[in-house]
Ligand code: ADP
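Next up is one chain by itself, shown in structure tokens, the form predicted alone.
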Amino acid sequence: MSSVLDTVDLSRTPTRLLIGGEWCESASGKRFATLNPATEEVLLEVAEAGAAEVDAAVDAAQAALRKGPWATMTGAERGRILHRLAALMRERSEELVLLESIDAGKPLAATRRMDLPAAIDCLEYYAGWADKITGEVVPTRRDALTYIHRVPVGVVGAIVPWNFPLMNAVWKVAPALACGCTVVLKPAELTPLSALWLGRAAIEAGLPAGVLNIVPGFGAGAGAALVSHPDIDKIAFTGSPQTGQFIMRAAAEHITHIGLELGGKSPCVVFADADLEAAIRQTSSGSFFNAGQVCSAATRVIVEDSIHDAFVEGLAKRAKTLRLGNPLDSATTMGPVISQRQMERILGYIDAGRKEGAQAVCGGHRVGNAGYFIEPTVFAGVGKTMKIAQEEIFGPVVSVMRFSDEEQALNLANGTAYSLAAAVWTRNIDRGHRMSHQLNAGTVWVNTYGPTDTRLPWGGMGGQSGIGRDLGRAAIDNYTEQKTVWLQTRA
């Protein structure tokens, strides 16, 4: 595999911290390497933020919130900046797609088709919201004018994961800025490059200094300092349930607002009357897209007895057609997992599945000696309590279980601590509605798997899938407070 550096020019990619509108090194001078997971080669070394840099970034965000041009801008002016940022992303889309692909190991075609368009759409959607965040007059008494208006929640600490680095950053940044908040963004240490690119483009789009600050670093340093900071007004986090629990405990000290989009163990229930070919095709996509590193991946497929064997055979057949390779190769349909640690974790789950008695119908091994590639893996004969049926693997591993009636299907589908997403495949529309109401999931797809849209709220129903919602109208509520004004008048 030829060096990716022969193909992509990284010389213009920012590698320093963005604090108060200035690019700077950390006080310690520390830097860390970001790797290409397909080759294990170092792409760039990035400045590492710690507690001191987080303090400076929060101070800059507070100053921008309280004074300066951002504090007095109208919603329309904020919206125009977001529109300009979206236009820059569209204009330089190929540069950004390449950067995201090599840093996160994402196939070029998939990044071009999904990640970048979704990020641009999100920016444009909230740009449109910026001048439409209205209050209301509430008639209470004849001698008073009483009304409610929305004000920014304040300084937002946004912490985003490595599986969709750009898209998840925009999911937090776009609505927060539309609402007039300021942001300190900590990208995942494994994938910091597209966030830094976004910071440079935001400055070019006219975003005032201190409104968006970017502090790459590690969870124990920058992340912990951010979530425990007394001058952060809201933490917006997407990531693991374990980190979400830590954030809740840290935020409790200062009663900081939090929004947590956490893990998933999403069930995909396939009834015998389903369109079998479509169910297999879209379940395969839902299971193995982004090498299974998707919080809503179809990791538990629950299939009715009479079609179980045909479904497993079809799913395994499709899995075997996926082509693993360099994300920049147009023929690649599945890239690597993100890191050595993640690869070893996934292989450990595969080993546990075998030991507990599940049958690996296909896959189950590392591919090659360079890069973090794992074969797409389908397990059959999976029991409800097995580790691979209960814990989030976050890799290209799917567990197939069987059921005999609707009650059993629901029992299996709702039988985990997760509640993010679910799917039902059936031609019976009554059953589709019935199941969608009874499945414990924030999003339920019927006769499809995986589509999302900026205009629809996204999040879990509690438990290990978190609290709160990203996207849609709900995000405007996330980043504003309602203020009541009582103006006394003459009787």
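One rule holds for the numbers: they count along the sequence shown, beginning at 1. Fair warning: this is a prediction, and the values are worked out from it, not measured in the lab.
One more form of this protein, predicted together with the ligand, exists but is not displayed; see below.
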Open item on the list: in the predicted complex, is there a heavy atom of the ligand that lies within 4.5 Å of any heavy atom of Tyr147, even though the partner is absent here?
Closed with: no
Open item on the list: Residue-level question: is Asp233 within 4.5 Å of the ligand in the predicted complex, judged on heavy atoms?
Closed with: no
Task: Non-hydrogen atom contact Ser240 with the ligand in the predicted complex at 4.5 angstroms - done: yes
- [ ] Give a yes or no for Ala224: in the predicted complex, does one of its heavy atoms lie within 4.5 Å of a heavy atom belonging to the ligand?
- [x] yes
Task: Per-stretch contact check against the ligand in the predicted complex, the hit in 85 to 93, 243 to 251, 101 to 109, 326 to 334 (non-hydrogen atom, 4.5 angstroms) - done: 243 to 251
Task: One residue of Arg341, Lys132, Arg113, Lys355 in contact with the ligand, assessed in the predicted complex (non-hydrogen atom, 4.5 angstroms) - done: Arg341
Task: Partner-contacting position among Val398, Cys122, Ala291, Ile159 - heavy atom within 4.5 Å of the ligand in the predicted complex - done: Ile159
Task: Residues within 4.5 Å of the ligand in the predicted complex, restricted to 178 to 202 and counted by heavy atom - done: Lys186, Pro187, Ala188, Glu189
